[in-house]
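Given as structure tokens, the chain that follows is alone and in the form predicted alone.
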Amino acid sequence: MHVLVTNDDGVAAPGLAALARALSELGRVTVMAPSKNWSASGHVKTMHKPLRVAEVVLADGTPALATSGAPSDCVALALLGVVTEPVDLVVSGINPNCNLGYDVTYSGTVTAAMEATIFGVPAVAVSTDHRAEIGFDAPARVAARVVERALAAGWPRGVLLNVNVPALPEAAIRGVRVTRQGLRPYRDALDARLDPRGVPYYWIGGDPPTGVHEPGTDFAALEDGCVSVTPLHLDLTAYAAHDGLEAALGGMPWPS
């Protein structure tokens, strides 16, 4: 088993090192992560400028590769041959904030796993609401156990796992639930300001997003003290709307 570990918080992030240590129990680990923070970067592919890769050492002594690209670039570079040994599994994280509901479209952590899925490689995104007294080692151990069990069960083709670990001591976690995406209301607000030359500039701010507690969702699992495991695929087709639109538009004369 050869595991590629990456993240969106940058190669120096403590969650990355903790995840690499925990996954080393499953096999050989290669770390390849961005040289800077790419949080909320979404699914980025760098195509109009060169990408650099440098050898670095993590704070715990783990060797790693740092790239100038985004999290999804890290995965693509590794799978395209910068990492010469074939990769069996990609695990991204640990993000210090949970990625729930619509977060998956923004999250560099999750979209790194999406990039691996495009390449046909099993992938997992791992996140937790970090608390200093809990640290990252406990969530990393939990994630490694989830990954090991999922691999043993057989990986569904074209599916990635979005794993969110509650910010609790391991002994206080109440189990693992397979969940669906919940509803994540955002309360964004525009903060318009003037720079010293009188030119306007903008911050997108607002109150932190919340979640709707509905049974079976990722939000409900975490609120109940459970690990949330949400299987995701990249087919975004709205099948429930397909037939109605086909009836309305499929026979539309063209040109009208």
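Owing to the predicted nature of the structure, the values given are computational and were not obtained by experimental measurement. Counting begins at 1, following the sequence as shown.
The same protein also has a form predicted in complex with a further copy of the same chain, omitted here; what follows describes it.
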- Query: Taking heavy atoms and a 4.5 Å cut-off, does residue 130 contact a further copy of the same chain in the model of the complex?
  - Reply: no
- Using a 4.5 Å heavy atom cut-off, state whether residue 156 contacts a further copy of the same chain in the model of the complex. yes
- Hey, in the model of the complex, is residue 142 touching a further copy of the same chain, heavy atoms inside 4.5 Å? yes
- Is residue 211 a contact residue for a further copy of the same chain in the model of the complex, using a 4.5 Å heavy atom cut-off? no
- Task: At a 4.5 angstroms cut-off on non-hydrogen atoms, which residues of 189-225 are near a further copy of the same chain in the model of the complex? List them in order.
- Result: 189, 190, 195, 199, 200, 201, 202, 203, 204
